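Consider the single chain below, provided in structure tokens and representing the form predicted on its own.
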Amino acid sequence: MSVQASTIADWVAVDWGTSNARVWAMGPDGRDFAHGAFDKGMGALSPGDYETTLLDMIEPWLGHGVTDVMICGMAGSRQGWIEAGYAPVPAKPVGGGLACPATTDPRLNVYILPGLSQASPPDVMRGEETQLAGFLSINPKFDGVICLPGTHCKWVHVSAGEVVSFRTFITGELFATIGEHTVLRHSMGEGWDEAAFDAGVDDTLSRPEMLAARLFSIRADGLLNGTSADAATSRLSGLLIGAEIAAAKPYWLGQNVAIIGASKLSSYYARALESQGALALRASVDDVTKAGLRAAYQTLKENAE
């Protein structure tokens, strides 16, 4: 997809993931006036491709002078443009430690945000720290736990504007792998069955140690009882999210909870938490990502003064 061109950007914000990249032209007021989305993620690029790819995405917004570009996400990974490293927690979600890749185009001044790391138990995040910073800039008094559903779901304890600790669950990856590469692939559908999802959540919240057996029962139930493919898919989602919610209970129990993620997946987590009496505040990924990049850029400019 091409960018929406309007005028020259004061600076450019970029969220560069594994599969895709999103770019925003930012005005002097810190608001975006144009944006673009591209299927040019880290997974399809080598380090030498990044500058040319970035120019392809943002050329219409560049003037004759130097334009700052603030990037979060996998462009800062070891396999990305340049490794940005990790800031150890406890720490503010964004701050110093920016990586600055060399560029040949004199119009570009590029900064890449580092991720966050945790020594014990070992854990890392990259990209989510920017969403956390954005959420906290919008909700500066929030203390509690933020859940970031996705391929690798994060549960993050924040207090006094800092990330205190976090845990990662590969629930989304497990769902895709089990649904596409095990015997359950013969049972999967595309629709949604709320009752089947709710039952799956309840089952693993009450008996998480039975997860492996209950996964096979999805296949058996379809063969013996004609359970629909939509119900099977929904039950698989419920079983896996229920197991995650059970394991993450020390994070969310008795805490203020917020969820940042795609609306559909976030609704599943919110529904599972609500079944346990935990009501969660919801936030848009786009809104908090832009807010986080804006906060990082403001910090950069303040430190330069």
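Bear in mind the structure is a predicted one, so any value in this text is a computation, not a measurement. When you see a residue number, it is the position in the sequence shown, counting from 1.
There is also a form predicted in complex with a further copy of the same chain; it is not shown, and the following applies to it.
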Using a 4.5 Å heavy atom cut-off, which stretch among 103 to 111, 89 to 97, 131 to 139, 162 to 170 contacts a further copy of the same chain in the predicted complex? 162 to 170
Only one of 199, 82, 229, 210 gets a heavy atom within 4.5 Å of a further copy of the same chain in the predicted complex. Which one? 210
In the predicted complex, the residue from 246, 37, 55, 265 with a non-hydrogen atom within 4.5 Å of a further copy of the same chain is 246
In the predicted complex, residue 214 touching a further copy of the same chain (heavy atom, 4.5 Å): yes
Can residue 195 be called a contact residue for a further copy of the same chain in the predicted complex at 4.5 Å between heavy atoms? no
Do residue 191 and a further copy of the same chain share at least one heavy atom pair within 4.5 Å in the predicted complex? no
I'd like to check something about residue 154: if you look in the predicted complex, is any of its heavy atoms closer than or equal to 4.5 Å to a heavy atom of a further copy of the same chain? yes
Could you run down 223 to 244 and flag each residue that has a heavy atom within 4.5 Å of a further copy of the same chain in the predicted complex? 223, 224, 225, 243
